[in-house]
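We begin with a single chain expressed as structure tokens, specifically the form predicted on its own.
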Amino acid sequence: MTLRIYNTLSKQIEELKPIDGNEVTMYSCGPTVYDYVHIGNLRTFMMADFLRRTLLFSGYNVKHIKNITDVGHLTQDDIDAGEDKMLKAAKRENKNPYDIAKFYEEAFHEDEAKLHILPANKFTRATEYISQMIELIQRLFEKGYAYESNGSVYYDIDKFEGYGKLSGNALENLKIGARLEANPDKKNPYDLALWLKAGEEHLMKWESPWGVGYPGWHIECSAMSISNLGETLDIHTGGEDNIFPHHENEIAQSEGATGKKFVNYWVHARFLLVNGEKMSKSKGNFYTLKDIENKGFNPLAYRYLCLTAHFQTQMNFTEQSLQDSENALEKLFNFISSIDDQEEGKVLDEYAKKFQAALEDNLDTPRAIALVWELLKNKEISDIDKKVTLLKFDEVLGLGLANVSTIETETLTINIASPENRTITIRNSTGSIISAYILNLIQEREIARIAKDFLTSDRIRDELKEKGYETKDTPEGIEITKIK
């Protein structure tokens, strides 16, 4: 079977034909590490994860690179003006920008791990590729696309034929509808910055042939992708907000320097809405993964929710939709944990082929999820075959079905990752199965109690109550009962 995917460049669904047979090169625009990523960003990263897992499921080998933007991403991206987002965050938190980058990169990796997003084969930090960026800019000078002005370097967009082929923002339209502020250093207001002169107060800067400065945001991805994946990539992913100007400018820079097609397949996820509106801090509908956790939800409920919406459609996030997703996830966990692993089962070829066909049909994850429930409802199939088949599906779904930990009526003794390295015994008095997520909440509450963080301990206790469980601390351990 062959993957067919919507290509933003051609504006149609195309059959994937990798450059190197079974080897697929894939580059994903990662986070700018000046703040916590929001759930809209995470949806885009999960789309790339679903795509990568589908390729692996279908037998391809994938080399996946994801960048970390830790310098140069400006607050006004369309005109290459404004403040560097890293420096803005450093001022906001009164920290060194390198410390800001380290902190928020670690937070990003934690979020990806909670959502079971496979780590990229390599994460490339912009600050580690300055020499490659300078080399690429020098190639653009040689080809006649770059020009220096007052210590900064710009790309002469007029000289690149086909500008706008990805986004539809043709150069003629930019000229007619330009509302860009005049920059005396630029030949044209729409020319993009490749290298920016740094003032004395600028904290992140490097030596270059054009003086001390720092790279423009767009040149970073061109340099990092070409350095690791070659001059032509199979797949480049990102959010639809990246299409213009970022990805359009990546094409101009990369193709201008190499003379080769930069990317064969551009794959973009649509925007996320919150309660039908665009997400923004000013509207009070801005969510991070931690916000979801603080409301008592399993992060994987959000992953499940993203699976139910096609990547080419806007997804409307609501608390009710998240609750529905968590309920569905709990049903899957409970089914998986209820089946005796000592039985032998098999992957059902008929369902496996349907599942693969759905994914290879433009990454149709809603159809794949529907197939999960069709399988579970089929009374003619044994439960053990259902379980084995679902575990196979989970290689793409990434819901962690193979690692579901539960307790039924027996007691469970678990180690607590705390300085005291304590163990606790949990006695299940509910008369039903308790999922891994509930067990994890109990552990977190115990860790908070050990640390005398009673605010967190009480919050988790209330969260457990919201989910219908009550815990009681006894000399024998923690007893958990069902209250609703």
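Numbering starts at 1 and follows the sequence shown. None of the values given here were measured: they were computed from a predicted structure.
The same protein has a further form, the form predicted in complex with a small molecule, not shown here; the description that follows concerns it.
> Could you tell me if residue 45 has a non-hydrogen atom within 4.5 Å of the small molecule in the predicted complex?
Replying inline: Yes.
> Is residue 130 a contact residue for the small molecule in the predicted complex, using a 4.5 Å heavy atom cut-off?
Replying inline: Residue 130 lies outside the contact set for the small molecule.
> Hey, in the predicted complex, does residue 238 get a heavy atom within 4.5 angstroms of the small molecule?
Replying inline: Although the small molecule is absent here, residue 238 would touch it in the predicted complex, with heavy atoms inside 4.5 Å.
> Would residue 242 show up as a contact with the small molecule in the predicted complex if we use heavy atoms at 4.5 Å?
Replying inline: Taking the distances in the predicted complex, the answer for residue 242 is yes, it comes within 4.5 Å of the small molecule.
> Of 159, 88, 392, 73, which residue is found within 4.5 angstroms of the small molecule in the predicted complex when only non-hydrogen atoms are counted?
Replying inline: In short, 73.
> Tell me, which of 197, 270, 114, 386 has a heavy atom within 4.5 angstroms of the small molecule in the predicted complex?
Replying inline: Checked against the cut-off, the match is 270.
>> Please identify, from 22-30, 50-58, 441-449, 454-462, the stretch that has a heavy atom within 4.5 Å of the small molecule in the predicted complex.
In response: Among the listed stretches, the partner-contacting one is 22-30.
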